[in-house]
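Okay, here we've got a single chain as structure tokens, the form predicted on its own, with questions on binding and movement later.
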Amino acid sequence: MDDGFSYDQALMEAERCLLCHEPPCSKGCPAKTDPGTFIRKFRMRNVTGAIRTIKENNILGGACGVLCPTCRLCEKECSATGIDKPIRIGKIQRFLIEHSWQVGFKTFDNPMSTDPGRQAEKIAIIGAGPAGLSCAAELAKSGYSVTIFEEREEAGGVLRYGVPSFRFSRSFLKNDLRDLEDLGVKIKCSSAIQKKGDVEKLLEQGFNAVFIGVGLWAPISLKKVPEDDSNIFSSVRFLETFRQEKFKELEKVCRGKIVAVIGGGSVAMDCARVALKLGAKDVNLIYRRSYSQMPAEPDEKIEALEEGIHFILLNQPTDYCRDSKGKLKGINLIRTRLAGADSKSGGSAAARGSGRRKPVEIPGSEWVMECDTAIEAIGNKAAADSGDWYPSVSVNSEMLVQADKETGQTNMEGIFAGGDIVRGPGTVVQAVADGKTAAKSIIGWLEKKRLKPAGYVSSRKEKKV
């Protein structure tokens, strides 16, 4: 993980800010971290006030300062753009959070500690990823008793298992999670809520509301691969193995080998860079569109190229090529050209387009690219049986939970949802925003419930489609 700004560097950058009356950068942040305010406070040397603004608005302000695609969010809206380079908001945000850890500044206290006799209403959060952590923090700040149930051994979700350590360190995440502990949030790891009806049972067990933030962890594959195939990885398995520091296991399939990575997003860049660091002879990144249409951030693409990763553009993988013993020896490709733009609207998440020019296969242009190991960074989807975990909740054909975009409320009273399991693949900051939205709705729903007269019966339909 690279070094962030020093105090002087951060202050110099903040002093470039135009101090807009209605900062457009603040409107560009999905999580409403409010960079316009924290930069203004920092410029006025109110460092703790700037830190408090970030953390009160975004419990994962540190993580977002490192990983957020600021160039297409807050920094894109910066008024300095066009006059000069936009203010490096993410770098300033990261500095302020790191500074708070260095000086021991504590943003939060446990609300329950001021009133130990209070019987707080209990909320269950399913999944300790960005959406779940954000929702938990907002509820805990309002005095609710929050318990997070996490399937894996450690909390963090994609931050823990999906981002390589050279981009986001364990110690950084540990510090970010400490604020949850200060708020009194309980995190129960190795506690999967994945049996039939497990989510509804939480309501029966005394929880007053439930938030579903399980994310998307099932990989989308080019072709069905035998479970014992050790040379074809999903991006989830590859990056999780790396984060668990099982380097010898990965070096066997990378060191001195030709590695192919399928995909053009941030995850594909991470996989390619990891393979190279593990000693791969060549790493070829295969993408069916052009360089400019890659969804990865500009700096990620440049870093990958500078490190020596080869981009095989305008090529569509179709299948794997194996030798007589079934061992992987290459990938079948067909060249593509770009046609007109596809549509952004209509249909399911899978059916909707991106608004980019559509890749069209060129007949007769098939060829085979040699490789020893392949990593599929095509995307993730919901687990096939995830609907069984909450059978009363409506899901669509892709097993995405159907929840109100404005509130996170599902069709089932008391059950809310957000993050990738609702919107499909998204960014950390979008998941944080979803968690905040749902927390606000949960608080409002519980307050109304307390005011309902005895014998009230909800008219909300509890039907699964």
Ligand SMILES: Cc1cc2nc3c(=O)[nH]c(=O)nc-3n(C[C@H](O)[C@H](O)[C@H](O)COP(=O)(O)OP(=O)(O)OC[C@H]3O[C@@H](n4cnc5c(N)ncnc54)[C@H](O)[C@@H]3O)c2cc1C
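This structure is a prediction, so every number in the text was calculated from the model and none was measured. Position 1 is the first residue in the sequence shown; the rest follow in order.
Keep in mind that the form predicted in complex with the named molecule is missing from the display, and what follows is about it.
> Please identify, from 76 to 84, 333 to 341, 287 to 295, 150 to 158, the stretch that has a heavy atom within 4.5 Å of the named molecule in the predicted complex.
Single hit among the candidates: 150 to 158.
> I'd like to know if residue 431 sits close to the named molecule in the predicted complex, meaning any non-hydrogen atom pair within 4.5 angstroms.
Output for residue 431 is yes: heavy atoms within 4.5 Å of the named molecule.
> Would residue 126 sit within 4.5 Å of the named molecule in the predicted complex, counting heavy atoms only?
Yes.
> Might residue 146 be said to contact the named molecule in the predicted complex, defining contact as any heavy atom within 4.5 Å?
Heavy-atom contact with the named molecule at 4.5 Å: absent for residue 146.
> State yes or no: in the predicted complex, is some non-hydrogen atom of residue 216 no more than 4.5 angstroms from a non-hydrogen atom of the named molecule?
Close contact exists here: in the predicted complex, residue 216 approaches the named molecule to within 4.5 Å, heavy atoms only.
> Do all of 65, 237 and 260 end up near the named molecule in the predicted complex, with near meaning a heavy atom within 4.5 Å?
No, because 65, 237 and 260 lack any heavy atom that approaches the named molecule to within 4.5 Å in the predicted complex.
> I need to confirm a contact call. Of 378, 177, 163, 314, which residue comes within 4.5 Å of the named molecule in the predicted complex, counting heavy atoms only?
That would be 163.
> Let me know which residues along 1 to 22 have a heavy atom within 4.5 Å of the named molecule in the predicted complex, or say none if there are none.
Contacting residues: none.
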